[in-house]
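We've got the same protein chain twice here, in two forms, each standing alone as structure tokens: structure 1 and structure 2.
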Structure 1
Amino acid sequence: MIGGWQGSGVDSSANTFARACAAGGLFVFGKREYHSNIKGDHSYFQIRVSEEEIHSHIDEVHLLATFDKETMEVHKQEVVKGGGILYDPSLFKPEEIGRPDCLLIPIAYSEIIQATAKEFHREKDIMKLQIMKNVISVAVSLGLVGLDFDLLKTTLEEIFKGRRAALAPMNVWAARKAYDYAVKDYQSEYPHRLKRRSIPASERRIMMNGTTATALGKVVGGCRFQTYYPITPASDESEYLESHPEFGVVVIQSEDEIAAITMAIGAAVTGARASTSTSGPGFSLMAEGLGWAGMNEVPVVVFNYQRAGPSTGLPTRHEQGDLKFALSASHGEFPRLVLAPGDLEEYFYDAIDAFNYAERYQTPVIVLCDKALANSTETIPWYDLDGVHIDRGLLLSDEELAVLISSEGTYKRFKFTESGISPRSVPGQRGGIFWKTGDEHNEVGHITEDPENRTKMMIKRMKKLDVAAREIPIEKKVNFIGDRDADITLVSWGSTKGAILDAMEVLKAEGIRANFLQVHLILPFPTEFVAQVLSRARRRVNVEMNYSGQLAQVIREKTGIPMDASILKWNGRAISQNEVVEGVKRVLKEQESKVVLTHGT
């Protein structure tokens, strides 16, 4: 874990450490925590590294790198006995730290920076070079755990390239000095090691975070128009797309979220694959526009990166509080599909599926992401594009539209069909004129309040959910992992997936058999499969990061099956592997029906 005041380079330090470890063939999972102000308050970044695949963070800290007094005071008790603490001796004396059971490693940041400035004739820039504390702390950390210096050297040369290439030699020089210091004076006393391993060609990997995974999925899925109004943590996705114009996505920063969704709807009407990304407060503002898209059967895609609410809530903290709202956002009833990806692979592939579903069923699709995975960093398998396809549904070509008009005499955008899905034209096609309005309408789009037409139109729109439920394969709707005859069945959705998977391995080693039901597609709900699994379960426990257990409520509504117990957390900090293990034990051994988890700083 590395910490410091916001704006001091905490993120860059953690990512440099993670990249060096990943380059060494190790698996990485990073958890980023930061305040909602731009600079000043405390932030920290925790990187978990393993020779085995991992999907979540843990609560213990084995090595703590501190830039300031606050990091020391806030996090020193999280360091395990025998762990290490890096500190600036100008800020602390060893006895002031109060952890005699840990290895204390003083780093003379100022001396190393001054030596570097002298070596590269940059003495006049000594204040600017204070940012090199980041590189120094990373180098000391890698020296302590015994990873090869060349991994850090290569990583720094990759980071400082292009216009910043001139900075690489200076940073490598300072890192070498710090690395050698750690190896010579402290490595033998530090008990934890990381061993470099080769990566087989069959295990090609990539390291990224959630917003980048989503952005790349959108590009592959054919998204060509993206709107957003700046909001944490969703903005990172749009900013990534903005920084890569070669992807061919037009990105518009709108004046507010109402404009963002209506602009995306307009683009979707013209035939472009269009989306908007936001967080809870922005999604609330989009509800009216979402209803207009539902009435007019517009294939628009909305990504909601959930964070803690209500209102502004905890702007940069985590929660899974928007599920029930997403299922019914906007007044009245209209079909929408709701996806809840649980890891960075699903973030990528769900972005592709979302556009296919939106166009195939001509309806809005909501993807419930969240802050925990949006800002997490992880090594994952390289994305496989062999099975990717683009499904544009009943989008008419000019030739197909001409044949349709020739046979029917006129084009009906909202034609009554057996599936509820009508052939779709776009503005500018000859003969494909249609009207769109927020009012109820007839088959060509003209406003009408005729009761018979209203009845038929509601049935037409809503039957799309039945079609989607039949057509979407079960492996896209749910994941079931583990022995069906387990002691306990854990039920969840979204970002809790990683912590649950990692916890299952720990529980297994302790003689507790758990399986996991992940609900991936929440609307239309996979009622039959979920009911089959839960009806056979010995003990049913939902694991969610909200106050009321929203998925458990949906499951009971759809299947009539209640949970036996709940493991819940809503303090704004993501759930850890340790907490899932703790929660399961409390349910099984102490017979608690509601376990509330509270870890996090």
Structure 2
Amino acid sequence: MIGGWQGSGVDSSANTFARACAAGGLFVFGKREYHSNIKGDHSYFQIRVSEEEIHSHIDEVHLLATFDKETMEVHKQEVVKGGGILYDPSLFKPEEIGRPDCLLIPIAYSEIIQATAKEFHREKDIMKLQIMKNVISVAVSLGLVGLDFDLLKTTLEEIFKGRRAALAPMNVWAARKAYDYAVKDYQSEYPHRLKRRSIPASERRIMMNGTTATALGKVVGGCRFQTYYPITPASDESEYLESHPEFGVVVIQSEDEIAAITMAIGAAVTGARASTSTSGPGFSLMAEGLGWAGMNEVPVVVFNYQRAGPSTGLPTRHEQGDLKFALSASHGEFPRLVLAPGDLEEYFYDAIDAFNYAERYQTPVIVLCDKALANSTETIPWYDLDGVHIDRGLLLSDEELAVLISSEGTYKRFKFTESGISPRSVPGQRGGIFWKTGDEHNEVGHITEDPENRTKMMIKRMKKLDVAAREIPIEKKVNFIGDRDADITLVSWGSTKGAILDAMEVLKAEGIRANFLQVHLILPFPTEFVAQVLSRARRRVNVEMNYSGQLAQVIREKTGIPMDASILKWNGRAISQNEVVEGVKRVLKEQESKVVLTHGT
């Protein structure tokens, strides 16, 4: 774990450390926590590194890197007995730290920086060079765990390239000094080691966070128009797209989220694949627009990166509180699909599916992401694009439209069909003129309050959900992992997936068999499958990052099946592997029916 005041380089040191470990073939999961503040407040990054695959963070800290007093005060109790604490001897005497049971490693940051400045004749820049504290702490950490220096060297050379290439030798020099110091004086006393993993030739791994994963999925999925109004933690996604103009995505920063969604709908009307990304407060503003898109059968894709609400809530902290809202946001009834990806692979592939569904069913698709994965960094396999395909549904080419008109006379945008889905033209096409309106309308799109038409139009639109429920394969709707006849069935959605999967391994080692039902497509709800699994489950427990167990409510509504117990958390901090283990044990051993988790700083 590395901490410091926001803006002091915590993120970049964490990133450097993670990359160096990943370059050694190790599996990395990083979690970023920060205040709603720009400079000054405490922030930290927790990196878990393992020789085995991992998908979550844990509570224990084995090595804590500090530069300031606050990090020490906030986090020192999280360090395990025998763990290491890096500290600045100009701030503390060892006995002041109050952890005699830990290996305390003083790092004379300023001395190393001064020596580096001298070596490179940069003494006059000494203030600017203070940022090298980050590299120094990373180097010491790598030295302690026994990873080769060349991993760090290569990583630094990759980071400091192009315009910043001149900085590489200096950073490498300082890192070397710090690394050697750690190896010589402390490595033998530090109990935790990491070993490079030999990487099979066929293996390619990438490392990124959730917002980058969705951005890349959107690019592959053919998104051509993205709107956003700045909001944590969603903006990173749009900014990534904006910084890669070569992808050809038009990114528009709108004046508010009402404009964000309506611009995206306007673009979608013209045939561009369009989306917008936001977080709770913005998603609330988008409600009316969602309804218009539903009413007019416009394929628009909305990503909601959930964060702790209500209102501004904990704007930089995690929660899964928007599920029920997403299922019903906007007045009236219209079809929508709601997806809840649970890891960085699903973040990517769901972005592609979301556009396919939106166009196939000609209706809005909402993807529920969250702060936890948006700001988590993970090593994952290279995205495999075999089998990825684009489905534009009944979008008509000019030729198809001409054929349709010659056989049917006039074109009707909202033609009543068996599936409820009507062939779709776009402005500019000959003979494809349509009207769209938020009012109830007839087949060509003109306003009508005729009761019979109303009855039929509602059926036409809503029917598309049934079609989606039939067509979408079960493996896209749910994941069911683990022994069929486990002692306990954990039911969840979204980013808890990683912690649950990791916890299942730990539980197994302790003789507790858990399986996991991840509801991935929440609307249309995979009722049959969920009912089948749950009716056979020994003990049904929902694990959710919200107060009221929203998925459990949905499941009960759809299947009639209640949960036996709930494991819930809403303190704004993502669930850890330990917490899932603890929660399961409390349910099974203490017979608790509602476990409220509270870990995290």
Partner chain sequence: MALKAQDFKTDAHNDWCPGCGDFGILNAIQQALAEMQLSPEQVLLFSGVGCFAKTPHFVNTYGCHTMHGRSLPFAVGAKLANPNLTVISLGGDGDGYGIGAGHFLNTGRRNLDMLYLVFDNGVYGLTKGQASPTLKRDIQTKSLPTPNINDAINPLAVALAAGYTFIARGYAYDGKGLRGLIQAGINHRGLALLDVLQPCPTYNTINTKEWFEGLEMDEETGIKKAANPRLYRLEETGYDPVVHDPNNSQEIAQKMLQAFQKSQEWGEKIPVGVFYQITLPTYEDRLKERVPALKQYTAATMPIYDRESGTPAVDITKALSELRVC
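This is a predicted model, so every value here is computed, not measured. Shifts are known only where both forms have a C-alpha. FYI, numbering is relative to structure 1, first residue = 1. We call the rigid core whatever largest set of C-alpha positions still superposes within 1.5 Å between the two forms.
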>> Only one of structures 1 and 2 is the form predicted alone; identify it.
In response: 1
> In sequence order, what are the runs of three or more consecutive residues whose Cα atoms each shift by at least 2 Å between structures 1 and 2, relative to the rigid core?
Replying inline: 201-203
